[in-house]
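Before any questions on binding or motion, here is one chain by itself as structure tokens, the form predicted alone.
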Amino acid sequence: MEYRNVPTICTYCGTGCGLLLEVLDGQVVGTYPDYAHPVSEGHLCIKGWNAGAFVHHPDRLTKPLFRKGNDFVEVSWDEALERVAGELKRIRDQYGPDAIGLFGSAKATNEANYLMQKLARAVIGTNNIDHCARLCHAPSVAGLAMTFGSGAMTNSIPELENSRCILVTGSNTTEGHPIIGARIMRAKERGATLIVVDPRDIQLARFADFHLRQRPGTDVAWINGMIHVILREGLENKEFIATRTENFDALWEVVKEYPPERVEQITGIPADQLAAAARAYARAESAAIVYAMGITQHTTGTDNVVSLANLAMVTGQIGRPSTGVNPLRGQNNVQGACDVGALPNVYPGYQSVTDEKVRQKFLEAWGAAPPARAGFTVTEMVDLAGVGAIRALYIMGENPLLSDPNIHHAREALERIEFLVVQDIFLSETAQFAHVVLPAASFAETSGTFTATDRRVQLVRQAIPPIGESREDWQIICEIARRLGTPAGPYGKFDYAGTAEIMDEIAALTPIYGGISHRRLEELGFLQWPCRTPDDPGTPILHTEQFTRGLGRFQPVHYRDPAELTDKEYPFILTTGRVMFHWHTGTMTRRSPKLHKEVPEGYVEINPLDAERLQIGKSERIRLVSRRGAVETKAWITRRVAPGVVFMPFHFAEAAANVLTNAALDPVAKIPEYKVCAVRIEKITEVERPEKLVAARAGAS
């Protein structure tokens, strides 16, 4: 009998908690918190305590699969890899490199994502590489780069406990990032002022000094309103504005049009409450902004982010401990996947693909590089697959048939595609449409690094060998690349002794990771980028002396309505989000018995006044209908939502919220508008004609 505990990093949210996987005779049998970890400090949320529960689930993919008709048959790895490489080569040669798209994964390691984008760029010859950051925090990357020069969390998680004021918006932190939520609560206990701006009565709101309940989709208006109050009352940091920023006059020209009284008409936030919250934020010795996808998942997502950056700069609440603009990244390695280049417009380290000098650098390093033009995003690639412009997709660890908006449209596109290969640990909704399925190893079976939301790079350690015939992501990518033919540059090979060697290559080509190696991470526990040299201790706080771009640039924006408004036919606003016990598309948490038991099915939150008017009873099954489709689920009658607003979690395939959501995109970050769409609510009678049910599920009205 062999028993050991293997330290690693949690596979769920971007907090980057440390945990120990309990291994007995080659099987993961439990999970414990790492008491020495600097962020989680011996704590885990309910998902973390159950992080290993899905690893040995009987649904695990253990052998490569080929589609035959409506079924799958098991094949050897050689057969699978030869077919994948052969089809990709055929399509590249016949239609060109840009007929192929690749999806990296926020669940996979930095090393695997680096190789995925290298496969796209150096072997296939396309910048069509993206991942689910497009669906969560692409506006953070774009908006913070525009204003600060760096699209990442400015401060470190532990600092939040010492903030004197915390503004939380678009983040149900105690459910989405519970360990960070606990730090916010400790700051509150120490006397911090807590401002929560959220349309729902989330747990944090009940402890807040100010709960500003805005109408979904009106964030630019209330942020401009806060800045208006600060400038009108002389609460701005004049010295910081004069010495550290530019374009201030343009900001005032815009925000002077947003007095609190006008903002109240747009947002529903009482003018006096907005003004009081603005004063509290501006006057605090240290104030931090914390936000998540409730800010970014809008057609105005980038506008929302730059508005928050404007608020931080006008008060000088940035570049110091316990301040800053702090996006909470959703998945365990969404930050890292962005950092190492799994984006269509940048090489690793956010080096622009349109910069010919950067392109030349990678051409010399790899021996090949794609043209100097940005590739397509995940949503664009799915759209193009539907019209035949994208002929092949290689998807690693993503599940667009639950995560994409307007799922009916995404399904139609993947049904039409010429060749689809999916690399995953379970036969996800997307994998069921694949021509080839490649069985990947889980986080417990792989080594490498994850980068947490506060730019904290940490080691992931292999606890057990890959289950069955599954393989680590990086190994699969290397096998495909070698079959396609690798370039001859000094870093062109796809032949590595292990993931430490891949990280050495990342460091050589990525300035912000230049001082990061597995050896240093073993010694130090973590490093926060930018970490540029082998003796660089890393950077806990960004923009301390100057912004990454030099001067911070105010980017004033006007309020714009959401892409879809309510009307008589669709009178309710639907917004979506997470619950504490599940994660993303549920492929892992719904296979974890304790988590599944807590929330076994989907639901919709409805205000009691709306439920009474529609004669909907507790837990009654109802139908939600949007302009794109319909779903049936049960009603949860609660004051957590305001009248006229309904909320659905998006984890449940049988009640998929994204059947309803709007695929309208932010023009800059190309993120869909998940947080606002118009729906109606229908009671389900005991007997309905089958054709009515079919029509309701299928289509647009």
Partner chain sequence: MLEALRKKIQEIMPQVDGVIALRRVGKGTAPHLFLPGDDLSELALSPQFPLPTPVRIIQAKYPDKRFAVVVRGCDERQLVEMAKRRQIFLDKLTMIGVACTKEQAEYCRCEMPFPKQVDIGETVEGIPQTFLDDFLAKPREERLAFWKHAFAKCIKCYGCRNICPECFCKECVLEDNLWVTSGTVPPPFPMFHLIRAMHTVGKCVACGECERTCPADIPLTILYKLLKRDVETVFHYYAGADPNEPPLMDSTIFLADMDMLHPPRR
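Positions refer to the first chain, counted from 1. Just so it is clear, the structure is predicted and the values come from calculations on it, not from any experiment.
Although it is not shown, the form predicted in complex with its partner chain is what the next lines describe.
Contact residue in the model of the complex, from 89, 186, 558, 373 (heavy atom within 4.5 Å of its partner chain): Here the answer is residue option 186.
Contact residue in the model of the complex, chosen from 242, 524, 387, 73 - any heavy atom within 4.5 Å of its partner chain: Comparing distances to its partner chain in the model of the complex, the residue within 4.5 Å is 524.
Listed range touching its partner chain, judged in the model of the complex by heavy atoms within 4.5 Å, from 228-236, 266-274, 246-254, 590-598: After filtering at 4.5 Å, what remains is 590-598.
Residue 77 within 4.5 Å of its partner chain in the model of the complex, heavy atoms: Judged by the heavy-atom cut-off of 4.5 Å, residue 77 is well away from its partner chain in the model of the complex.
is_contact(residue 647, its partner chain) in the model of the complex, heavy atom dist at most 4.5 Å: No, no contact at 4.5 Å.
4.5 Å heavy atom contact, residue 566 and its partner chain in the model of the complex: So residue 566 does not count as contacting its partner chain.
Distance check, residue 174 to its partner chain in the model of the complex, heavy atom within 4.5 Å: Yes, residue 174 is a contact residue.
Stretch 17-35 - residues with a heavy atom within 4.5 Å of its partner chain in the model of the complex: In sequence order, 20, 22, 24, 25, 29, 32, 33, 35 come within 4.5 Å of the partner.
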